[in-house]
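Below, in structure tokens: the form predicted alone, a single chain.
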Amino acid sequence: MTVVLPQSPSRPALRHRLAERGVDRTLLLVLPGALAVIALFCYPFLYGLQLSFQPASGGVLGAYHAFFSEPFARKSIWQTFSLAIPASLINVGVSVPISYRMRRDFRGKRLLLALLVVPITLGTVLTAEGILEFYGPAGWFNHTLNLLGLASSPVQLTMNYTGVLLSLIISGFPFAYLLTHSYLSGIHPSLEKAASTLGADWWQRFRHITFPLLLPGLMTTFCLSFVMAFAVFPSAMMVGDPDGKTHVISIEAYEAALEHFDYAQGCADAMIMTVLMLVVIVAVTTLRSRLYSGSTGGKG
């Protein structure tokens, strides 16, 4: 005699269960990236944040009070902004005319494009080394000026503010150019052609058509360039004056954590640096949204 046991209903597959709940299966592709962000950013950030509130003395906010009560540490805020903002403005500003010209085909375009983006492959350390070799007192630049009789003594372009600014421009320009070029490529050429048929010259076409459409992208590019420049560390140490005019916040955090072994102070310095970056990003993105919504509302 054969006994037939009742079979439990088969459980529907995961994709069917997600479909029944109205969840798009493609969202599962975000899961690996989300886990990586949590493991590599969120957890270290939260750990550093809570560590910054555990100084050896001074109470919960003792590390933050120590930073702002020290004039030399407090001055690093201005020194960081004095490097990051000019470097970002120069990179974004120079990328606009170059990207505008690179939209057209001409002989040597590929070679020029390779020269513009090659600093990406070098990194900040190799860029700083190249600046020392080229612009240093015994470098090729000063040697050429001496041979041409343009300078009797070496021009000091390294171990100071100028050297760090050059490093930030060289290493940050390729990113600004690529982003600006991508935004500019999204503007259809027919818009300028239509304005040209109405008698507008190139400056009028750029000022009244291309630039307004490009401006939101330029503000985003500025934010990304600013974040890269604000986190300057290798060039400030190698081609700057880390104990003087290029003593930026990242150096302050590094010295507190790895030279004085005060990890709470180092984390507090890093948190201050993060807040300052976020303030600038929020200000620029807010201005961007207001300009964009204002222009959209005006059209309506």
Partner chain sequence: MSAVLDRPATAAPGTDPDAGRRRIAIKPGAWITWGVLGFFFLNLLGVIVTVLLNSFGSSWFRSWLPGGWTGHWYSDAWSEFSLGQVLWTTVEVTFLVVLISLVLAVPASYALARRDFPGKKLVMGLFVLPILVPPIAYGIPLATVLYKFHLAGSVTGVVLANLVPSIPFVVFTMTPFIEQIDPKIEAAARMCGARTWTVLSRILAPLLLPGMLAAGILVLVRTFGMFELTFLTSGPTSQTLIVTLFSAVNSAGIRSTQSIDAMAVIYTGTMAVLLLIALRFVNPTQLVARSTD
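Definition used throughout: the rigid core is the maximal C-alpha set that superposes within 1.5 Å between two forms. This is a predicted model, so every value here is computed, not measured. Residue numbers count along the first chain shown, from 1.
Keep in mind the form predicted in complex with the partner chain is missing from the figure; the text below concerns it.
In the predicted complex, does Gly48 have a heavy atom within 4.5 Å of the partner chain? Taking the distances in the predicted complex, the answer for Gly48 is yes, it comes within 4.5 Å of the partner chain.
Since only the chain is shown here, I'm wondering whether Pro242 would be in contact with the partner chain in the predicted complex (any heavy atom pair within 4.5 Å). Looking in the predicted complex, residue contacts with the partner chain do not include Pro242, since no heavy atom lies within 4.5 Å.
Closest heavy atom of Thr220 to the partner chain in the predicted complex, within 4.5 Å or not? Result yes; Thr220 sits at the interface with the partner chain in the predicted complex.
Is there a heavy atom of Phe53 lying 4.5 Å or less from a heavy atom of the partner chain in the predicted complex? Flag for Phe53 set to no.
Ala34, Ser182 and Leu258: each with a heavy atom within 4.5 Å of the partner chain in the predicted complex? Answer is yes for this spot.
What are the residues of 255-274, in order along the chain, with a heavy atom within 4.5 Å of the partner chain in the predicted complex? Going through 255-274 in order - heavy atoms within 4.5 Å of the partner chain in the predicted complex - the hits are Ala257, Leu258, Tyr263, Gly266, Cys267, Ala270, Met271, Met273, Thr274.
Using a rigid core alignment, state whether the CA of Leu116 is displaced by 2 Å or more between the shown form and the other one. Superposed on the core, Leu116 moves its C-alpha 2 Å or more between the shown form and the other one.
Yes/no, Ala39 Cα shift of 2 Å or more between the shown form and the other one with rigid core fixed: After core superposition, the displacement of the Ala39 C-alpha between the shown form and the other one reaches the 2 Å mark, so yes.
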